[in-house]
Ligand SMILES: Cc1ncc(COP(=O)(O)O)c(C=O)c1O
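Encoded as structure tokens, the following chain is the form predicted alone, with no partner shown.
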Amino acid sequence: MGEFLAAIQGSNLGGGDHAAALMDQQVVNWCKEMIGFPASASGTLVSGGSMANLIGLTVARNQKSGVDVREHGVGALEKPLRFYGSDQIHGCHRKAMEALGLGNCALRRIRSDSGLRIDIGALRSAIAEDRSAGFRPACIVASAGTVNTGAIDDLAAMGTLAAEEDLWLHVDGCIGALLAIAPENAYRVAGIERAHSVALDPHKWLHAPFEAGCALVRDAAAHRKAFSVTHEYLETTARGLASAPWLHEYGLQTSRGFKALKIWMSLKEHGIEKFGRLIDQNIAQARYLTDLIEAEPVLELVAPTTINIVCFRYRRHRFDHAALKSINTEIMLRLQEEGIAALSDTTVHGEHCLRAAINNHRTRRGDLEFLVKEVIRLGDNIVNGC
């Protein structure tokens, strides 16, 4: 309904004093409240997590570069910048490094521990090593829910380390930042409120239709400074449409659609508390699916289940890695083609597996029980040549 009305209304959210722009700012303010950011922080709605992360990392680069990058470019950097994330970090961060002119090598991947979280000791050592080698450490990218397994870095410890080292702390919270509103699981993202910037996705656990992402920045002045350009045709006025802030000064797009309405309507209708309960429900369902898998001798977990993502595989006999990947890939494809379930696959520390990400408010335990039975049925059929 929100998408339908937004299309008919046809607002341009570049800014201005009109209802759509005010609703956009209201949604951003609600997102700030949900993760514990101060009212003085800023934010912008974007297409999704990749763009939200790019916004945060752009501000980080500009603030920590030591030069006026916007005016002189990255060629003026006195020392090469270093950004840090775990070896589980989302691929969009590499794209961001490339787009920012820093290159993939500027993003140093730090090993993850047995829980797939960034190793804080290894991170600390890497920062010290880079300083000694003549690099300029600039930003730590923490994952509040990795896309592979849902692992959550120790945000409190990373906040402390960032403060000690005078680094920007960016949290990629596109998977799990909104855990902050879940009564039973908010503790998992304790410390996210200390971040300098956060990326989150209303089109995940706020169940908004695609596309809907949000970038939040604690220092509103730094945020605006990273993107603002003075145009003679977009000057502010004391009255009229141009009397309100230009929202395009907080991101890369000048023209953009009315993404806020669908989120605004949903939150007004259901309230944040309901969405928090649904997040808890999905996590409980992932735990239930994990228990079902652990009870089946022919199935095995490949990674710990932290939140709503379960990584597992079919393994009836002693197959080598190539055979296991072939069997489980075929299981995934048949699940999709037969309309049973939309699982994906991934590789965690060298082990290929099926990946079930439970993100739907309509999922029931019976669906998960059926999934397990079908995975076993399909696996047996494939092994037996059927």
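Just so we're clear, the structure is a prediction, and the values are computed from it rather than from any experiment. Residue positions are given as counts along the sequence shown, with the first one as 1.
From this point on, the text means the form predicted in complex with the ligand, which you will not see here.
The partner is not drawn, yet in the predicted bound form one stretch among 50-58, 346-354, 325-333, 29-37 has residues with heavy atoms inside 4.5 Å of the ligand: 50-58. The contact with the ligand in the predicted bound form, taken as any heavy atom within 4.5 Å, belongs to H203 out of K259, R218, R313, H203. Scanning I140, A195, I152, I175 against the ligand in the predicted bound form with a 4.5 Å heavy atom cut-off leaves one residue, I175. Taking non-hydrogen atoms only, M158 never approaches the ligand to within 4.5 angstroms in the predicted bound form. Interface membership of R82, defined by any non-hydrogen atom within 4.5 Å of the ligand in the predicted bound form, is ruled out.
Shown alone here, A106 lies farther than 4.5 Å from the ligand in the predicted bound form, counting heavy atoms only. Within this chain, V147 lines the site of the ligand in the predicted bound form, having a heavy atom no more than 4.5 Å away. In the predicted bound form, the residues of 85-113 lying within 4.5 Å of the ligand by at least one heavy atom are, in order, H90, C92.
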